[in-house]
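Just one chain follows, in the form predicted alone, and it is written as structure tokens.
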């Protein structure tokens, strides 16, 4: 029997079926989705559930190889001995839309001209609209001596990986003195506050357990500032100074020598590529990161390898039936789960407008958040926009260390993540912020806009 289709030319320059394919022949074996989501992290899970509600779960496909979903923002607390690792994990099957099609495989190629994504098994999955939500990949191998040092040296750890975060708390507990080094790489990373948060938690524990006097705590960062927003940087610099921690800027970790416990850093200010060698007794590594190879090698990215979207609408700049969300895009904001949550609502509104052939109206302002834990019971809740203007939810000065903000991070945010964001019911705190500020975005945002 011949296939009966309604065809239309989509903005992505491909011909696509807009109704069911009634063929029972071989052509009907190719899967075809109204909405295809690649990646089921924070943003991917959320938008998959949103569009399963809007277009029907049977019209939504998800390509995601992992059986388990990790709440990675909790790993700072796991590494700091505050939370258990099992609290950060849930089965992927419980989080994805019930009637959606989950393809438990990897994407290996994108062809936006044909509107297809090729899987590891060679299947070309067709889509009418594509949402790229692949997140970032961790490139430990870009540092000489890693990841091998994680297997041979118990003093080397990292909160960014499920296996390596399990080393952090024992390494903190077993530290007896010497150099404790925390690193920040020379690439964009997810949760840019995390490399220093674990430093504060470790210092706090060592201080309370009588080991602080023997510890030389060093933060070696590729950046030139402690934090990109001046208000919060000022607060963090006061914390660092008051607690006797050392910060070296423009230092990029390029090699770990576990046999001699030496870490080699490139001086990024040196025109000749000068390096410095630090002995360590504790080393927390934040790895270089990038988009996954399949994304970086695709036609979807800019010159830096990130999905090339309009920063306000999240629509791809070339292919109008493609949207991006979260860490994999080039939206110039800090890569956090909070940013992905805010982007979810923007993407939802704008993609639905495109589907209805209407103008896009939602505008992403760059909202992101970083709960900067500075000790057990203390947290600076940084919230800001594209321009680095504070965009604070609560009608108090969030640049101060507060116990309330610590419990927001430790107890409230995980609940919001698991029970609201992933099922598509949380688009960030924008509505609550306006309620608390009587319809405004907060005094600092208003002052910046004046």
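Nothing here was measured: the structure is a model prediction, and the numbers come from that model. Residue numbers count along the first chain shown, from 1.
FYI, the form predicted in complex with a small molecule isn't displayed, but the following is about it.
The stretch in contact with the small molecule in the predicted complex, judged by heavy atoms within 4.5 Å, is 318-326, chosen from 246-254, 269-277, 169-177, 318-326. Among the residues 414, 65, 388, 56, the one placing a heavy atom within 4.5 Å of the small molecule in the predicted complex is 65. Exactly one listed residue, out of 215, 96, 201, 191, brings a non-hydrogen atom to within 4.5 Å of the small molecule in the predicted complex: 191. Contact between residue 409 and the small molecule in the predicted complex is found at the 4.5 Å heavy atom cutoff. Using a 4.5 Å cutoff between non-hydrogen atoms, residue 353 does not count as a contact of the small molecule in the predicted complex. Although the partner is absent here, residue 105 sits close enough that one of its heavy atoms falls within 4.5 Å of the small molecule in the predicted complex. In the predicted complex, the small molecule sits within 4.5 Å of a heavy atom belonging to residue 75.
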